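So here's one chain in two forms, each on its own in structure tokens, numbered structure 1 and structure 2.
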Structure 1
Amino acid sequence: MKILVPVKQIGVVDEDFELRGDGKDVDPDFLNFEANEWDDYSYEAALQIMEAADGVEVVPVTVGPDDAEDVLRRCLAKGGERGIRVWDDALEDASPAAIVQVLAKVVEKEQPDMVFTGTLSSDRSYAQTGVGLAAALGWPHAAVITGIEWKPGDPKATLLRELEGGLVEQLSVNCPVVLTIQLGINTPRYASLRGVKQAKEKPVEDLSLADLGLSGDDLAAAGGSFRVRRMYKPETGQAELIEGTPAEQAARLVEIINELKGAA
């Protein structure tokens, strides 16, 4: 019984940053690398199932360069005995569709019973990887999950999804299934630094594209439904706190309205 949990290292943008030369992304010098918050929840959901039953293995997998291993270590500090990292230079700037190809191969190799991903990653917010992977595998999927009722061996999982207006949707889905997990489904545990250090002893399997039987051309073929044209920071509007007596405030307000009228 195995749950595969794809996790991702994300770049968090500094308050002051510059764009990359080609204008399509942030200069990596201005990024702080962290674990994607959603993955904390999906990994926790997998660990809770593991701890509630015997013989369940949880395997974190990431697609990323050397230093993305930190993300796996942080997962392994919380639980799980081994991780998988896939990287190839051809994966630089890979589209979600390409990542899906890679993860599908990992699923083929690992034969998990369930795959839990985060609903989205906070750097790109595409929210495609989980559902794309289900499509590639031909598995059912359910997205934005806020509750899971399932134990190893159950043919169906009962899931909860939170909808607008305070509604909750309960659904049942055939297994194996790919679930994308929403924030707040649980309280992710803390990975103590001692745990992180001890997790360094746990094996992480480094795989290349070739190890998975893929090539750069396969990724290119997978392509994607879009490409990034440019990234930019829109001009921000100005805010002003109007102070003074009500009469003064009203006068200033009129002034601003007139200014804006004039500008238009």
Structure 2
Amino acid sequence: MKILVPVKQIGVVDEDFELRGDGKDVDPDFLNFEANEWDDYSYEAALQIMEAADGVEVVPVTVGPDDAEDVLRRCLAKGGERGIRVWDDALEDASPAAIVQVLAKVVEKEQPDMVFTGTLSSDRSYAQTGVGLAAALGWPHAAVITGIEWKPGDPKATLLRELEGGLVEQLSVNCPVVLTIQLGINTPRYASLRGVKQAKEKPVEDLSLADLGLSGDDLAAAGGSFRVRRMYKPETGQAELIEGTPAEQAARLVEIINELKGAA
């Protein structure tokens, strides 16, 4: 039995930053890279299933350049025996749909019983990986999962989903299945010093698009309708604390209203 867990290395913007020359993203020199928080919870959920039953393998997979291997090592320091990293120059600035196509090929290669993704990534917040992957595979999908009851060999999993208004939905889904995991489903563990050392020796398989039977043209076709036009920082508003007596405050409010009318 196997659980595949896509994980992502995200870029966190410094307080002071600049955009790239093309104006479509933040200059990498102003980014700090770390593991996506939602993926910590999805990986922990997989590890707990692995520890509760014999014969379960948990495999983290990431799509990213050489330095993205760090997020795999971080996962392997917590548990699991191997990871997978996919990269090709054609994946630079790839759309969510293109990433889904890559992950779908990894799933076809690995044949897992379940795929756990984070609900979203905190850098882009597309929340498309899980649902897109399920659609590409033709698998059932459930989102915003806050509880999982499943044992290896069970044809169905019982799940809890977080809904609006504090409601919780219980449902069952057929396996294999893609689940997107919500924050708070568990408490992600910290990697021990021993685990960090051991993770350095665990194998990480590097795959190219060709290894997965894909090409740059395939990715272009998958993400043809997706295009970042520009990225910008919107102008911030201004706030004023109006002090004084009620009459003074009222007079100042009248001034502000007249200023706004004049600006309009």
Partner chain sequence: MCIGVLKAPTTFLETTVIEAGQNPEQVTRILFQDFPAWMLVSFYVVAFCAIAVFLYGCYAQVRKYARGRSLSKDGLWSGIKRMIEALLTHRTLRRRDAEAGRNHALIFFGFVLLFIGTSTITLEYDILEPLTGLKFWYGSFYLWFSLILDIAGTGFVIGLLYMMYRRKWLALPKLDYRRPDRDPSDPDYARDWYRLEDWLFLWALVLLGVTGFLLEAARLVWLQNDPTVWDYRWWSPVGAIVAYGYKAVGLTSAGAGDLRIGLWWFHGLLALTFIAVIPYTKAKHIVTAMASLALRDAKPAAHLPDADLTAKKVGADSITDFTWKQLLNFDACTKCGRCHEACPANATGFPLSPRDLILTLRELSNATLEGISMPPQDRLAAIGDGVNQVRPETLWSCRTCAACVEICPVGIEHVPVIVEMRRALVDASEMEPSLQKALQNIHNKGNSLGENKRKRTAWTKKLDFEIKDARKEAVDVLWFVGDFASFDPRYQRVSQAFARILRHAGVDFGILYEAEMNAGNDVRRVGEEGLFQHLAESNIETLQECDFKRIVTTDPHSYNTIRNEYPDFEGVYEIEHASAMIQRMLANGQIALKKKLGSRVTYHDPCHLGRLNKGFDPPRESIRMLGADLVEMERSRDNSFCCGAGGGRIWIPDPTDKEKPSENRVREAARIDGLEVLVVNCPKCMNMFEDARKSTGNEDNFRVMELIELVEECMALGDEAGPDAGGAPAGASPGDASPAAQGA
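Since the model is a prediction, treat every value here as computed from it, not as a measurement. Only the largest set of C-alpha atoms that superpose within 1.5 Å between the two forms is called the rigid core. Residue 1 is the first residue of structure 1, and the numbers go on in sequence order from there.
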Can you spot the form predicted alone among structures 1 and 2?
2
Of Ala90, Lys233, Asp25, Pro65, the position at the hinge that separates the two rigid parts moving between structure 1 and structure 2:
Lys233
Rounded to the nearest whole degree, how much does the smaller rigid part turn between structure 1 and structure 2?
12
Superpose on the rigid core and then read off how far the CA of Ser192 has moved between structure 1 and structure 2, in Å.
2.9
